[in-house]
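Shown next as structure tokens: one chain only, the form predicted alone.
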């Protein structure tokens, strides 16, 4: 499973202060801790920081690339910032993200092809997140079609079926899992599937427990990756064990350590 560390985000106070004060040591530390914990890639999001978003993003990318050659998941809703950020990346690139509207899909699939980047596409359109499985599947089909038309390799495409907080959308987990099951049949090879895991437990009391159980369930439905807290040891162990039980990993008595050493 593709584990994208979520902690380099200006929504977190220590990261926001580090970006605003240009404190490289903090960013290095956050990046290295996630990688040591097993992250395959790092989400890069300047969040609500003071200053120019482009300048902050370029500084953040440069700083992270000083300590790792892991994939950078560039996380910004601003297309112009995304363009500049991808040009600055020496590491492999993952675009986070595009909505499923025709205009956005055409722009972002073209950008992905131009910059040799993988792409995350959300099942969200002008009306928002679908309230059912069918809406997610329909948008997923549109995403795959547009990616093919742009000449993208489908294995480079990640569809995010958008999980909402379970305290406001109790049917959301099952809708997301069933959408993954159906969308796996769209093409051969199929697209990959990824979620922003912490959304499922937002504003809930048992956040760690909800994240852990839903991640294992989603892996059983065909999930290929998640933006998540790689430093949460219990969460990582749940993911590793779920993949073991789905025969995606080979059993040995020390399978958790073996998995992490292989990263």
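Numbering follows the first chain given and starts at 1. Note that this is a predicted model, so its numbers are computed, not measured.
If you look for the form predicted together with another copy of the chain, you will not find it shown, but the lines that follow are about it.
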Legend entry - Candidate stretches 196 to 204, 65 to 73, 38 to 46, 25 to 33, one within 4.5 Å of another copy of the chain in the predicted bound form by heavy atom: 196 to 204
Inset, instruction - Give a yes or no for residue 246: in the predicted bound form, does one of its heavy atoms lie within 4.5 Å of a heavy atom belonging to another copy of the chain? - result: yes
Legend entry - Partner proximity in the predicted bound form: residue 237 to another copy of the chain, non-hydrogen atom cutoff 4.5 Å: yes
Inset, instruction - Verify the contact flag for residue 171: yes if a non-hydrogen atom of it lies within 4.5 Å of a non-hydrogen atom of another copy of the chain in the predicted bound form, no if not. - result: yes
Legend entry - Residue contact check: residue 166 to another copy of the chain in the predicted bound form, 4.5 Å heavy atom: yes
Inset, instruction - Enumerate the residues of 247 to 262 that have a non-hydrogen atom within 4.5 Å of another copy of the chain in the predicted bound form, in sequence order, or give none. - result: 247, 251, 253, 254, 255, 256
